[in-house]
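Only one chain is shown below, in structure tokens, and it's the form predicted on its own.
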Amino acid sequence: MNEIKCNADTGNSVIYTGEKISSFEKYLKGRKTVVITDKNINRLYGNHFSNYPSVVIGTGEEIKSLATVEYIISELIKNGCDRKTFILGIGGGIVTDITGFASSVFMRGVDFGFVSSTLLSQVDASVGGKNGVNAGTLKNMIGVFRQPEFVICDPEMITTLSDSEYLSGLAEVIKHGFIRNSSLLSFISDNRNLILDKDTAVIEKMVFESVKIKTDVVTEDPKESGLRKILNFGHTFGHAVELINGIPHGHAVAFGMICALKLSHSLNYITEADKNYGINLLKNFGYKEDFNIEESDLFDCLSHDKKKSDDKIDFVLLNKIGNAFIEKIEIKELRRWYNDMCSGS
């Protein structure tokens, strides 16, 4: 097991990579605790927390709403919770996002922590202190910055994921390599077969390296005012494709990263060799290079992107593999480039 500390003005958090779900009680420190989880996790792992009152929610993006938060808070009140109650979210990114938000607004904020059950939540959603819910179809438009007290990342839980869900999380691991650590990409490339076989030692290594990258960025920029925006590499086009096609988050982000690699090359920031290396790495894990999205639908979604300001958007580019930066690009220029890319010109 490894311990990574994330200290920022949004709170202090400790992430335990390689820890087991069966060990969560020692981090509760005897406090009254309520568990928030979903019906799938409750079915698979409910025996680990059967001694604690639980609030069980549904699954899918549609339950990531203020209505679900209101339901959770009503259940906390029914259970006699107060400001000293600890809230433990056990599940994937939707559970951790909702748990963090509900805990932050219940009685103006109670302490909370996570047992993260998916690769995507272990390397992304549960780390960094961003908690929130959707506003209709718009992702994460309502939220707060507040750190969990701790996050447990159990590699054994990852082995129960479907291949699609697993690859969705792997895309975020690859993203961290692109923006900050080319050695992580080399490790991923060299261990492709073990990764696809969900080898727990390899998973633990990837989670540890990813969490280190994210915590370093979050510690320097906890509220996404500057550096933290590089964590959005691949997300500009990715979020739009995810919304339009309803495909898993990581698969959409992988497509977005391919677009960002191509744009970085078109703007002469990276070499053709670097562009091809990155694209081939992604395609080697089965991520798609094209989803046949209508250009009008794509840019209608981009018009609602949180990174947009006036007629420009903060776009994350690479100037080499392992180093990202942010450039403001006019939407009309991005649209022109996208059309040129689609037409092959």
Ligand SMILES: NC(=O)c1ccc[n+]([C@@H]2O[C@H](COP(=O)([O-])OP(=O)(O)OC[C@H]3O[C@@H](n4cnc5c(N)ncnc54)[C@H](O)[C@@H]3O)[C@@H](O)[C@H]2O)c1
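When you see a residue number, it is the position in the sequence shown, counting from 1. The structure displayed is predicted, hence computed values, not measured ones.
Absent from the display: the form predicted in complex with the named molecule. The rest refers to it.
Participant: Whether residue 140 contacts the named molecule in the model of the complex should be assessed with a 4.5 Å heavy atom distance threshold; does it?
Facilitator: Within the cut-off, so yes.
Participant: How about residue 295 - does it come within 4.5 Å of the named molecule in the model of the complex, if we only consider non-hydrogen atoms?
Facilitator: Residue-level check for residue 295: no, no contact with the named molecule.
Participant: Does any part of residue 177 reach within 4.5 Å of the named molecule in the model of the complex? Heavy atoms only, please.
Facilitator: Answer no; every heavy atom of residue 177 is more than 4.5 Å from the named molecule in the model of the complex.
Participant: Even though the named molecule is not shown here, does residue 99 get within 4.5 Å of it in the model of the complex, heavy atoms only?
Facilitator: Looking in the model of the complex, residue contacts with the named molecule do not include residue 99, since no heavy atom lies within 4.5 Å.
Participant: Whether 240, 252 and 300 jointly form a contact site for the named molecule in the model of the complex is the question; each needs a heavy atom within 4.5 Å.
Facilitator: Spot residues vs the named molecule: no contact at all.
Participant: Could you work out which of 203, 173, 257, 157 is the residue within 4.5 angstroms of the named molecule in the model of the complex, going by heavy atoms?
Facilitator: In short, 157.
Participant: Between the options 149, 274, 75, 165, which residue brings a heavy atom to within 4.5 Å of the named molecule in the model of the complex?
Facilitator: Checking each option against the named molecule in the model of the complex, the one that comes within 4.5 Å is 165.
Participant: Sort through 309-317, 277-285, 47-55, 32-40 and report the only stretch with a non-hydrogen atom within 4.5 Å of the named molecule in the model of the complex.
Facilitator: This holds for exactly one stretch, 32-40.
Participant: With the named molecule taken in the model of the complex, which residues across 101-124 come within 4.5 angstroms through any non-hydrogen atom?
Facilitator: Residues within 4.5 Å: 117, 118, 120, 121, 124.
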